[in-house]
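Single chain ahead, by itself, as structure tokens, in the form predicted alone.
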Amino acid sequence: MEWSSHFSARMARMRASEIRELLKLLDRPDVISFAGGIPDPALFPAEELAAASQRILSDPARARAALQYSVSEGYLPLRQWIADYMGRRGLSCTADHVVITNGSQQALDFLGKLFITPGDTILTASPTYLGALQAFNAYEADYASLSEIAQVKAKFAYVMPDFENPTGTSLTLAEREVLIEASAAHSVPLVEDNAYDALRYDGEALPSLIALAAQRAGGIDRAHVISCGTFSKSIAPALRLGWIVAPRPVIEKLVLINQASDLHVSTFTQMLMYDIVSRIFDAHTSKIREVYKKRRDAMLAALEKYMPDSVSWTRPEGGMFVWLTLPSGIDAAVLLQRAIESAHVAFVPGAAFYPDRAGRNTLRMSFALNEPDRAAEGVRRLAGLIPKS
């Protein structure tokens, strides 16, 4: 059987993730990896999760519920907790505005399935999150720059307002307000990805785009923003729990998509997550912010100390990433090969994050996994491979 002739046309748009491949380097102790944008497993609340699991499974009634099928919207107490969490970010909503997903990646896939007809244009930043491009590519989307919101007929715009992956940058309050006004004026829905909003290390928290839109429109059901979130960065990624908050007409369609996809997210993991976040969320996220802030500061200090003047980088207030721009003649993919072979350092070449594969002289470095001394050594090694002029 020649299988390729039977695959759908959309498969031609789907590529392997460079990041998934680079994660294999984490198993090599000789490589200092800045590649994976993943949380430090040493910070996972393993003991608390074990205790929560025991509480659920030792209670016959809760155990029966945890191991049974459930509703496609998600476990009601967890959805109520998320609604309250969004309220702390300035959005008045209820559990009826929330659907639980298998991580925020499934949320992006569902939104692609809901909105994108082949050939539709999606507005994004450039660079933008690789996982979003992969999700939308599956539905054969085309792309244009977010700056073209007034010129291009777009199905929706995808935005990471806080500590964007890959650049680490955030939208100012003024930029958020301008984007809300422009998208409303041109009838372009916004999909905001708030994967890192719990990881702010400096500055004051800013209102989410959905909160600003709801305030402008007179309530969430009249807003034109859909918001995605995740527990992967704040609690643990393997539980695969994310969410979508949206106006109820959107939620109703997403529930139908969920029913046709996998029925619902694991009831047990939803109950487990609710037990955890209702007890320790604020204290736990405070702890991990303290650790990641020190690692970010160490990376920025090392970049300042070792990198030549020809290299520039972002200075994020939160999240997990620093974005470097190299001299125009350097291809980061070629540099990566040299870095792994001769310096035992890994990063992600920036072209992966551009819809058109531009930005070949850029790269992403994650500071989440490495202790300060190890990060400084990795930056020193990498800097030694870059011409000083």
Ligand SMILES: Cc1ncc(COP(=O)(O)O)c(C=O)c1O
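Values in this document were obtained by computation on a predicted structure and should not be read as measured data. Numbers follow the displayed sequence, beginning with 1.
Beyond the structure shown, there is the form predicted together with the ligand, which is absent from this document and is the topic of what follows.
Novice: Among the candidate residues S227, S183, T124, S104, which is the single one with a non-hydrogen atom no more than 4.5 Å from the ligand in the model of the complex?
Specialist: Contact residue from the list: S104.
Novice: Only one of I100, M160, L272, I235 comes within 4.5 Å of the ligand in the model of the complex by heavy atoms, so just point that one out.
Specialist: Residue within 4.5 Å of the partner: M160.
Novice: Out of 309 to 317, 195 to 203, 77 to 85, 145 to 153, where are the residues with a heavy atom within 4.5 Å of the ligand in the model of the complex?
Specialist: Contact criterion met by 195 to 203 only.
Novice: When you measure heavy atoms, are Y129, N165 and R240 every one within 4.5 angstroms of the ligand in the model of the complex?
Specialist: Yes, all three are in contact.
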